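One chain follows as structure tokens, the form predicted on its own.
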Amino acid sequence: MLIYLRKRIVSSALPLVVVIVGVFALARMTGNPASLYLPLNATQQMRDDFTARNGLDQPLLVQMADYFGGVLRLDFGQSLRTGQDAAAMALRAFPATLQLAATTMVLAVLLALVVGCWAALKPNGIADRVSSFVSMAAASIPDFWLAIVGIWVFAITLGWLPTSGVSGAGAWVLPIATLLLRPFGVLVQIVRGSMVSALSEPYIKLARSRGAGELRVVTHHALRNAAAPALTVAGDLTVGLVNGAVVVETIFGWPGIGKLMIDSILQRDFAVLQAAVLLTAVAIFALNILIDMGYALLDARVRPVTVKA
């Protein structure tokens, strides 16, 4: 397992570096922050001083080398907007995104397991057809459209829920519902397909012939073998949730890492943007490693084979 883990870490490290370098270079293409942070009547000398003070007058490679040197010293720079430590701002925002993504994913997995198992008990039955229609519709609805419609119906028209913010349980409903629908739809289809295949295996017929009830057959026999594909897809969807939260957090004013990134891009706050992207990339990197380890534990076929001398 350690060999497998080391190989996965090495193979995932290169994309992590590519993402960080790409964001660093693209952020510089948005323009000089001096035009945003200095008054309109600022002289050229004031602009040159601002640029030099923040190291933006250096060639791109020199800036990049300084940045990576700072990362090695755990110095991610300071925000141009607030003057605060960029890493501290990213770390303060990240828990809000994690809470939103984790709550959404737990609810999506639980609901998908119930609906998927229910549909698989009688393939092509009424429950199966209804769940297939609902899951396909849920997986196809764009997040931003659902968020806007949800605000219009439940916040503006009915006045049941707040349009934005994090105060109170009601503020969680629309962001979670918006993020939940797509992973729920995808997971229902995965769980349903895996369970139909598992329930037709000979060991299931043997368990039923020995008098095992349907609940025990599903939960103790079929679901364990059907869990590996669902776990893999759930992991990928969780990674997508962290990335997709950028849109949802912006629409609902959720103070997470996604909203921080958007604000940093609009205000050319390079240090905060780079710290937020690096933190998100490292979190996704760690999550992918955990998913691979979980998949290897569930399915012996993907574990590394130890060659004996």
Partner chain sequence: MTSSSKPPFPALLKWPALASVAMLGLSGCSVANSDAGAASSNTVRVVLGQEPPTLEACESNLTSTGVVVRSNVTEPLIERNPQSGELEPKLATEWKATSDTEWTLKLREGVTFQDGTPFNADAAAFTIERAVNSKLGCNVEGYVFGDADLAVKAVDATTLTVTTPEPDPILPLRLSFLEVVPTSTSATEKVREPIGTGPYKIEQWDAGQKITLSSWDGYWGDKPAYAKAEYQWRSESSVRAAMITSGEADVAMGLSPDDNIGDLGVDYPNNETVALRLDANEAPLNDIRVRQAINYAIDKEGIVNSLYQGKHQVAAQLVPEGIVGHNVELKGWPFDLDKAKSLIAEAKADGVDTSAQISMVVRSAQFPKITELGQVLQEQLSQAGLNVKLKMLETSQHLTYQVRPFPDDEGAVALMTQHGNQAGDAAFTVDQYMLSTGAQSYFGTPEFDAMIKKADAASGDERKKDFEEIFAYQNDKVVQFAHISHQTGIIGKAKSVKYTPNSSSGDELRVSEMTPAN
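Heads up, when I say rigid core I mean the largest set of C-alphas that superpose within 1.5 Å between the two forms. Here the structure is a predicted model, which is why all the values come from computation and not from measurement. Residue numbers count along the first chain shown, from 1.
Just so you know, the form predicted together with its partner chain exists too; it's not on screen, but the next bit is about it.
- This chain is drawn without its partner chain; in the model of the complex, the residue among S200, S209, S167, N124 with a heavy atom within 4.5 Å of it is S167.
- For the options V239, I148, I141, V173, the one in contact with its partner chain in the model of the complex, meaning a heavy atom within 4.5 Å, is I148.
- With a 4.5 Å cutoff on heavy atoms, G77 does not count as touching its partner chain in the model of the complex; it lies far away.
- Its partner chain in the model of the complex is approached by G294, whose closest heavy atom lies within 4.5 angstroms of it.
- Among heavy atoms of R47, some come within 4.5 Å of its partner chain in the model of the complex.
- Contact annotation: G185 falls outside 4.5 Å of its partner chain in the model of the complex, judged by heavy atom distances.
- None of 177-185, 68-76, 100-108, 126-134 except one has non-hydrogen atoms within 4.5 angstroms of its partner chain in the model of the complex; the exception is 100-108.
- Applying a 4.5 Å heavy atom cutoff to its partner chain in the model of the complex picks out T250, I251, F252, G253, W254, P255, L266, Q267, R268 from 248-269, in order along the sequence.
- Comparing the forms between this form and the one not shown, the C-alpha position of L36 differs by 2 angstroms or more, with the core used for superposition.
- After superposing the rigid core, the Cα of M46 is displaced by 2 Å or more between this form and the one not shown.
- A movement of the C-alpha atom of T82 reaching 2 angstroms or beyond is seen between this form and the one not shown when the two forms are aligned on their rigid core.
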